[in-house]
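In the form predicted alone, a lone chain appears below as C-alpha cells.
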C-alpha cells in the first residue's frame, strides 16, 4: 500500500453538461468528495459559458464554504477579442492588482496579463516537456504545474526533481479521458452537418465525448466540440507509489458521468495508504464500468496501452 500524501484536484468539466447536472455535480463535490482543489469554469468552448455562468458562481461559493480551494479555469485556445477581454478580466480583475483567485492557465497568451503577485497554475494543455520550460514558468510565478498527459515516466521523474528545486507543485492528469489537442474547428458540429457558428450545441448529446473509430472499427479517440481526447481513460490509481517516488505532489481527476464521487474516494484512500493498488483499481472500475483504462503514456509502449498494474 502506498503511504504517499497527494493533493487531489478536480479538473474542469470538459464536456457540455446541462446547468442542472453541473449544479448537482458541484454540490456533491462540495459535500461528499475528499478533494483539496477544484478547477471550475469553461476551458473548451466560450460559446457554452453563458449557459452555466450562474451555476458556476453559486458553485464557487458552496465549494469555498466546504473548505475546497477554488481555481478558475481558462480557455485552452483564446482566439476572439471577447475571449481575450474575458481572460484578462479573469487573470487581473479591475481594482484587484494581484487577482482575486488563482487561475489555471492553459493558454500562455494569458501569462502576459498576470499582474505582479498574481496567482496562477499551469494546466495540462501547456507543453511543459523540459526543465527549462518549467523553470521559466516558475520564475514567472507559477505555483503548480499539471504536466501534459503524454509524457513518459522518465520525463516526469526529471521534471519532478526540477519542480522540487524550484519550489513548484507538480501535478499529473490521473483520471479521465486525456485532453490531447484543441482546434479552431468544431468536430461535433461537422459530424452533424452543422457549422461551428450554428452548432446548436450538439456536443451536449455526448456527456463524456463522442467516440471516434478508425476505418477498421477500432475505438481510437473521442471528440468534445473543438477538443480531441483519448478514447481510453487515464487511471493512475494503481501507480501512486511510483509517482510519489519521483516528486509528484498532486493528482488531477477529470469529471465524467458515472460515480465520480466514488472515484475521488478510491484515489483518496489509495493515496492515504488505506487501499491497495488492486482494491483501488477495483473500486474505480466499479464506479466507471463502461470505461477502458490506460496508463500507457507513462508506462506503456504507446498511449493507449493497457494498465501496467493488473
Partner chain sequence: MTLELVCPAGTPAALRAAIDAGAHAVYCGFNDETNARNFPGLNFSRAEMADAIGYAHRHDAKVLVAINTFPRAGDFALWTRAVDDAAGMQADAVILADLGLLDHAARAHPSLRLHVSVQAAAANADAIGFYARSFGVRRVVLPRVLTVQEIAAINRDIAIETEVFIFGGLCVMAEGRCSLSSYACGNSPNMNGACSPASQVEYREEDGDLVSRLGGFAIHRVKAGAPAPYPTLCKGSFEAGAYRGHVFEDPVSLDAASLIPQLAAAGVTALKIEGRQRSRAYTQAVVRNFRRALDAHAAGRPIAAGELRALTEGQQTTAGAYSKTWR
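Positions refer to the first chain, counted from 1. Treat the numbers as computed from the prediction; the structure is a model and nothing was measured.
One more form of this protein should be noted, the form predicted together with the partner chain, which is absent from this view; the next part is about it.
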| query | Pick from 138, 78, 91, 73: which residue has any heavy atom within 4.5 angstroms of the partner chain in the predicted bound form? | reply | 78
| said: Check residue 143 for me: does it contact the partner chain in the predicted bound form (non-hydrogen atoms, 4.5 angstroms)? | reply: no
| query | Is residue 159 close to the partner chain in the predicted bound form, meaning a heavy atom pair under 4.5 Å apart or at it? | reply | yes
| query | Should residue 200 be counted as a contact of the partner chain in the predicted bound form, where contact means heavy atoms within 4.5 Å? | reply | no
| task | Spell out, yes or no, whether the shortest heavy atom distance between residue 106 and the partner chain in the predicted bound form is within 4.5 Å. | result | yes
| task | Just give me the residues of 116-146, first to last, that have a heavy atom within 4.5 Å of the partner chain in the predicted bound form. | result | 125, 127, 129, 130, 131, 132, 133, 136, 137, 139
